[in-house]
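Quick heads-up: it's one chain on its own, the form predicted on its own, in structure tokens.
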């Protein structure tokens, strides 16, 4: 037994070149010797065969010559940190199209190159070949993509099965796959995590900063607002320039769109700008500014492109479709299982609509019933509100938000009396406004910062234009048919 083990070990160490790939063995079947990546590195400059899993999927680029190129990162049990493989072809269709991270690739007649101490695999389009197989979740043994010169063998099935069995267990640390993968609904402040999401839009700010608008179909958690009500100014956006309407109308109307900011350029940006790619943002962090979530790509972070058939992508799309299948599922996730006893609304039988659905509505004028939080009001103090009701000349401005957007909406003239349920005293107005803003009853004096968590309320809104010549630019929202209860 020990003799046989030593013999197999000797063959593994001495054989760096596969048995010629086109040499028939037995009944005309080709035979190969697959080397672990760690052993293949000892054979730099020699053609080898490798069976490994894919951890990173690069974008297809036009090389400096006439070819197209794509780089994958692969790993196996012998080298969890992996190694890069660069492919060249005169057509992008001939490059490997990996469906999902964790899929398996078979490489024939590739070379290991050592460049200044860095190892990588070079794929020669004239003599190398590849095959791609589904990863750990599949039992199918046939490849879903092969290059023209690829010839498999019976031993491939056994190697593929063993690779899938190994992939069932979490890869060792350093493999580059997910360590902590969250959805937007589970985001926490100052936590480093991976986010699988669709990149809807990419914007380069005048400062050189890149902004990624990403979405995964879920709602990001509501924030507790830390503000001083006497001086509060709540912005609608984190960036200086809001999105133009032609971009806004391409965005989904259900689910939060998170802005991720980055000071560095990555080669994947060119592809992400096309609004067709899902991606994994690795090692990102999130924090809150003015109650708005903001993602950040630190220097150690990476962006990896994903296909629409990636397991994580498919899972998120199924969850989103399930959410859309019910009326309740479309509502803000944070509002589920909560009572909405703060307001009475006129449009009792109207269907629910998100703020984004209204912002992207085809006409300037739009009426809707929605679930929102009042994150700011101007004026907000009872004495000022009492004067406002008495004068009947000015409007109360509310800043409303749901998981999809944040807008200003105005309560004007007779709508003010109905909104507050009559011409109330300053003390009564203060109580109602504090309830809307989520101010605790035991809050300190007005100049003292307070932690607020505004409740979800039903609200009727209608949009209108101020200028006929600029209907969309002068579009405003007004609260109507809504009364705050005692």
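Numbering follows the first chain given and starts at 1. Keep in mind it's a predicted model, so treat the numbers as computed, not measured. Rigid core: the largest C-alpha set superposing within 1.5 Å between the two forms.
Below, we refer to the form predicted together with the DNA, which is not included among the displayed structures.
Ok, 372, 98, 121, 214: which has a heavy atom sitting within 4.5 Å of the DNA in the predicted bound form? Looking at the other structure, the residue within range turns out to be 121.
I need to confirm a contact call. Of 270, 153, 86, 308, which residue comes within 4.5 Å of the DNA in the predicted bound form, counting heavy atoms only? Checking each option against the DNA in the predicted bound form, the one that comes within 4.5 Å is 86.
Would the DNA be touched by all three of 348, 401 and 410 in the predicted bound form, meaning a heavy atom each within 4.5 Å? Checked in the predicted bound form: no contact with the DNA for any of the three.
Quick one: which of 122-130, 316-324, 100-108, 205-213 gets within 4.5 Å of the DNA in the predicted bound form, going by heavy atoms? Residues of 122-130 come within 4.5 Å of the partner.
Since only the chain is shown here, I'm wondering whether residue 425 would be in contact with the DNA in the predicted bound form (any heavy atom pair within 4.5 Å). Taking the distances in the predicted bound form, the answer for residue 425 is no, it never comes within 4.5 Å of the DNA.
4.5 Å heavy atom contact, residue 39 and the DNA in the predicted bound form: Looking in the predicted bound form, residue contacts with the DNA do not include residue 39, since no heavy atom lies within 4.5 Å.
Taking 4.5 angstroms as the cut-off for heavy atoms, does residue 65 touch the DNA in the predicted bound form? Answer yes; at least one heavy atom of residue 65 falls within 4.5 Å of the DNA in the predicted bound form.
is_contact(residue 113, the DNA) in the predicted bound form, heavy atom dist at most 4.5 Å: Yes - in the predicted bound form, heavy atoms of residue 113 and the DNA come within 4.5 Å of each other.
Inspect the rigid-core superposition and answer whether the C-alpha of residue 89 shifts by 2 angstroms or more between the shown form and the other one. Yes, its C-alpha moves 2 Å or more.
Superposing on the rigid core, is the Cα displacement of residue 399 between the shown form and the other one 2 Å or more? Comparing the forms between the shown form and the other one, which are aligned on their rigid core, residue 399 does not shift its C-alpha by 2 Å or more.
Exceeds or equals 2 Å, Cα of residue 354 between the shown form and the other one, core fit: Not so; residue 354 is displaced by less than 2 Å.
So the Cα-Cα distance between residue 282 and residue 63 shifts by 3 Å or more in the predicted bound form; is it shorter or longer than what we see here? Here the pair is farther apart than in the predicted bound form; there, closer.
Relative to the form shown here, do the C-alpha atoms of residue 83 and residue 282 sit closer together or farther apart in the predicted bound form, given a change of 3 Å or more? Closer in the predicted bound form, by 3 Å or more.
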